[in-house]
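This document opens with one chain alone, in C-alpha cells, the form predicted on its own.
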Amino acid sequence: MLSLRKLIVAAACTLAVSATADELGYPEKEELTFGFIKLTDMAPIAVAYENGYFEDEGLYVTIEAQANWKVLLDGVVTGRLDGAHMLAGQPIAATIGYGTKANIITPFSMDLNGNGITVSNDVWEKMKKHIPKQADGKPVHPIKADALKPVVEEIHAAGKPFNMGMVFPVSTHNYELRYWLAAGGLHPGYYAPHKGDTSGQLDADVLLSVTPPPQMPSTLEAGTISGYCVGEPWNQQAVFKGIGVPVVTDYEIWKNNPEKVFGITEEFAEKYPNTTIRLVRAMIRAAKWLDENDNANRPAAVKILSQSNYVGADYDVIANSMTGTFEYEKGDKRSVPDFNVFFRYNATFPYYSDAIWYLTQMRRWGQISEDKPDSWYKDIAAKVYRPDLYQKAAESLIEEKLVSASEFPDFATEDGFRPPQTHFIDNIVYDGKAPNAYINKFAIGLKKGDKL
C-alpha cells in the first residue's frame, strides 16, 4: 500500500505522467529501491529524487546506501534492489562471469572522471624529491608514477612490501591505479583466475588490495596501506584530516574517462520496459541539472550530498572537488572544472567503446585469461551497454522540449564508438574498434598470445 506522502505526490504528478503515457506507457513497476555507495558520483540518483524527476515519471523511489560494492551487486542480482549506482566494470564482469555471474546491463552512464590517487604524507615527502617544480615552488602536474618508483624501490630494499588500496577488483579505480603505476614502470600484478589466483598480485611491485571507499582515509592513517585510488570525497578527506596528499586525478590519467554506470538486470529491463525508460529519463534530467549553466547548481548539489542519508561528508570536503577545484597538497588548490562531469561531452551515453576499454584492462591484467578476437569485445559491449534504451529516453525528452537534441549524440549516425582517444598520461592512443592492437601497445601487461 502506498504511504500517505506517496498518495499525495501521485495525485500531484498524475497530469505530468499522463502527458507522455500514450507514447511511453505507464510504469509497470512504480515502487523502486535503488542502491548506492557513499561517493559524490551517485549524485544523479540523489538529484533525480530530491528534484522530483523520479516522481514526474510516476516512480516512487527509495534510495539505500550499501556497505560495499559486492553487497550492492548481490542486491541487484537477487532483486532486493531494482537498480544501483555501479562501477562500470561490474555489469561487464558479471556478464563474462568474472566473480558473480549475472546478466546486468546499463542504459545510462553516470559520469566522467571523479577519482584521485592519494599517498601517505611520508611517501609524498619522498616523492617530492623526484618531481619538477613550477616557478612558484609547487609541483608540476600531472605527477607521474615515475616519481613513486624510487620510493617503492627504497621500501623494497628495506625488505618491506608497498601496499596500496583500491575499491574492488573490477573497479575503475583498480584499472586507473594500475594504468598510472604501469605508465611509471611499476608492475601492479597479474590475476590468474584459471589457476585459482584472484589476488591480482602475481609479479607485483606494488600490492593492491580492496578497501571500501569510506574506509580509505582511516586505513591510510592506520598505516595498513601507503596510498589508494578512490572517488570523492575520500581524497579530499585525506587533505582535510592532514593524513595524505592526492597526487593525481583520473582526469590527468585519462581525460574525460567514463566512471560509474546505472546497473539493472536484463530481466528487469525486459519485464518493465516503460519503467526502465522512465528511470533513465529522470536521471538524464538530473545529470543535465548538475552541469547546466557552468555548474551553477553544484553548491545546491553539495548540500544534498552532504546529508547523512547520501554521502554524509562535510559540505566543505565535498565542495572541494565538486565545485570545480581540486586540492592536492594542503593549500595547493587548483582549478579542475571537469573533475566531475555528469552531462557534458555526452557523459550519460553508454558508449560501446567505454565498455571495451574496461575489457582491454581485464585482459591486460589477466582477469580474462586468454586471447579474444576483436569481435568478442564488441559483442560483450553490445550485450551490456544499451544505447538503444538510452536513445528512446532521450528522444522522448527532446520531443517534450525538456532537453535539446544538440545536447546528445546524433542518433541517426551514432555507432556507439567514441573517436580514438589521445588524452592518456602515457600518450598511448585508444581506439575501441581495435582492442587487441591497443593491448599490444603496453610495455607492462599481457599481450596477444600471453597466458600465465
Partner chain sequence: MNALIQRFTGAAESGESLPLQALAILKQVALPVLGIAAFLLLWGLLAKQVDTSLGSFPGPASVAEQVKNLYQEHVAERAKADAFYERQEKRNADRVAKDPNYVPKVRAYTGKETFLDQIGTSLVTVMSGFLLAASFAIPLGIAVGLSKPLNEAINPIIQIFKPVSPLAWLPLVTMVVSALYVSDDPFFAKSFVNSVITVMLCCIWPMVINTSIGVSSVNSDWVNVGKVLRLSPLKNIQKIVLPASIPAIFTGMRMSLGIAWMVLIAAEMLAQNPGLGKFIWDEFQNGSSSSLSRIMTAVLVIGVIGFLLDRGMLMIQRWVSWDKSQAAR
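Positions refer to the first chain, counted from 1. Remember, it's a predicted structure, so these values are computed and weren't measured experimentally.
What follows is about the form predicted together with the partner chain, which we do not show.
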| query | finding |
| --- | --- |
| Residue stretch of 28 to 36, 421 to 429, 388 to 396, 405 to 413 approaching the partner chain in the predicted bound form, non-hydrogen atom distance within 4.5 Å | 28 to 36 |
| Exercise: N309 in contact with the partner chain in the predicted bound form, heavy atom 4.5 Å | yes |
| is_contact(K126, the partner chain) in the predicted bound form, heavy atom dist at most 4.5 Å | no |
| Interface membership of T198, the partner chain in the predicted bound form, 4.5 Å heavy atom rule | no |
| Touches the partner chain in the predicted bound form: E154 (any heavy atom, 4.5 Å) | no |
| In the predicted bound form, the one of I253, A93, A313, A88 near the partner chain [non-hydrogen atom within 4.5 angstroms] | A313 |
| Residue (of N163, Q237, Q361, S353) lying close to the partner chain in the predicted bound form, criterion heavy atoms within 4.5 Å | Q237 |
| Within 4.5 Å of the partner chain in the predicted bound form: residues from 196 to 228 (heavy atom criterion) | P214, Q215, S218, E221 |
